[in-house]
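Encoded as structure tokens, the following chain is the form predicted on its own, with no partner shown.
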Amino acid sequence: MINFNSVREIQDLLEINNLAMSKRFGQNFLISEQAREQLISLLDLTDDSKIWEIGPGIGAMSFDIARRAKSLYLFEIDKGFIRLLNENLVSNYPNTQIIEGDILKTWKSFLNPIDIPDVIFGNLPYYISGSIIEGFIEHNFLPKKMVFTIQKELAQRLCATANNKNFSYLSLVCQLDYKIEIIKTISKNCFYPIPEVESSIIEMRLKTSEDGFCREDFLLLAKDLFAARRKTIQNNLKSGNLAKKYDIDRIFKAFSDANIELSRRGETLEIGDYMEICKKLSQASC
């Protein structure tokens, strides 16, 4: 096995196998052993663990996980890396399976609740990391934990709260189901090739779900109120998707019952406000 901390050995492996890193796929190998060990430690691996890894690359963390977990699904788009993983990893660990293709499409074949793994993790491509996480949550595909290396700015968005410039629809939907913590910021020099931005390790732990409101309404409301950040709640609601489900007067009444003024902006509301509005919406009658 090669030294995954050595750029020279990685380069030699790629050259021998006639492979190259792809900017199109956002490939950056994590060459810091300390960071990789910290990521793996966050997975809380046991003999019964069912793990998904997104973007395993040449398997710098996959070998260690395959030795310790019950099952490991690897989501990889690069055909060259898939060949290496089949030859060096899957052939030796029958508990490992590769899912080939674009993760944004391939993961949806596992939407059955029995397919939800214990942990989803990975060194995510920067350009699709937000879409990946958002997709899981919007489809109510909620593992007990998710651990990712993502762009530092995205990590800050995930953790942002009301009245913060980073607060967004993604912040809301992630915090609806997960307690999110930024574990560590990783220097650009810990990757090969060196990216243009810093990265952060985030840990997302599943929270106990709160009853009394409609999840579909919450997602619709959040999308509506962040559709145009500078617009008032009232203006966003009038042109939003929630108004296709409910009469607009019923929606306005829910805000009134929750004591939230329509002249405010969606970015000023706490997550609890969104929940309360959805509760009132289910109770409202016009």
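The model shown is predicted, which means the values in this text are computed figures rather than measured ones. Residue numbers run from 1 along the displayed sequence.
Omitted from view is the form predicted together with a small molecule, to which the following refers.
Not one of 52, 113 and 143 comes within 4.5 Å of the small molecule in the predicted complex, counting any heavy atom. Shown without its partner, this chain lists 258, 219, 61, 35 as candidates; in the predicted complex, only 61 has a non-hydrogen atom within 4.5 angstroms of the small molecule. Interface residue among 102, 211, 87, 196, judged by heavy atoms within 4.5 Å of the small molecule in the predicted complex: 102.
In short, of 125-133, 203-211, 90-98, 164-172 it is 125-133 that has heavy atoms within 4.5 Å of the small molecule in the predicted complex. Within 4.5 Å of some heavy atom of the small molecule in the predicted complex lies at least one heavy atom of residue 81. For the chain shown alone, residue 28 is a contact residue for the small molecule in the predicted complex, at least one non-hydrogen atom being within 4.5 angstroms.
Within this chain, residue 180 is remote from the site of the small molecule in the predicted complex, having no heavy atom within 4.5 Å. Interface membership of residue 77, defined by any non-hydrogen atom within 4.5 Å of the small molecule in the predicted complex, is confirmed.
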